[in-house]
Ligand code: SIN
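One chain comes next, on its own, written as structure tokens: the form predicted on its own.
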């Protein structure tokens, strides 16, 4: 038994972000450059980490090194492929991903949507981050990494989750809700999945199951995808027009055409009449239109005669990912 436990591995994949950022002054928590410190160096800077590993060998790999505001499809492709390859190894118990906060919710949802359910059912994928750079006087990254290890190695853990400031969120619900606070994420009215309290997990609801909706999209195909379907987000607001939609229907600088539009609608999916008319023109031109809400909490409750497809409770940015995946293999 002891030898089996020692042979287990925990993999940490680095993608950059604030957690890997540095500033010239240790007191500067916002004037920093993201993605400067390698993931191996980040792990070495957490002295309490070995005590949490329970005999697991800690392995790290730098998949990307970017400010997450600049997250790209090719990084998602590489990340998904590396996660699948690692989880396929019988000696790997879980995968942790260090990520910037700006687009963490999008990467988390993408992985939730495409990772095989059988792989993550008992092997969690845990995204973590920081709101202060690694060079800060009191960085939050080290504690978030320790919490991520606690979550990853909790017996029975599974699915794709995110942990920040001691709170665990599901990939389906997590959203960045504050620009500066260390506890920057929320799960909206769904509520948190769990809390990490002194290296112990307090689970509030069941671990999330990965989706099976996109199981026909093989990770290998995603990794080789030359281009992604172009899907844009437009917003409804007082005094808006349909000119943005009409402009998006024209070919882009690279000649690509929009194949989908997600509208961040007001309230329960209501859309300004001028924008609604433009979206009808888009649908007539063969563009898929999905209606989400710009509200932070709640979901669009579709009317009986809803004109546009609704987002099934997804935020606009997550609805965009879902629509792109549907367009890859309709």
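What you see is a predicted model; the values in this text were computed from it and never measured. Residue numbers count along the first chain shown, from 1.
Note that the form predicted in complex with succinic acid (SIN) isn't included here; everything after this is about it.
Stretch-level contact check against succinic acid (SIN) in the predicted bound form with heavy atoms at 4.5 Å: of 60-68, 41-49, 257-265, 292-300, the positive one is 60-68. None of 130, 145, 95, 162 but one reaches within 4.5 angstroms of succinic acid (SIN) in the predicted bound form through a heavy atom, and that residue is 130.
The contact residue chosen from 170, 107, 101, 175 relative to succinic acid (SIN) in the predicted bound form is 101, the criterion being a non-hydrogen atom within 4.5 angstroms.
Proximity of residue 34 to succinic acid (SIN) in the predicted bound form: non-hydrogen atoms within 4.5 Å are present.
In the predicted bound form, succinic acid (SIN) lies beyond 4.5 angstroms of every heavy atom of every residue of 239-253.
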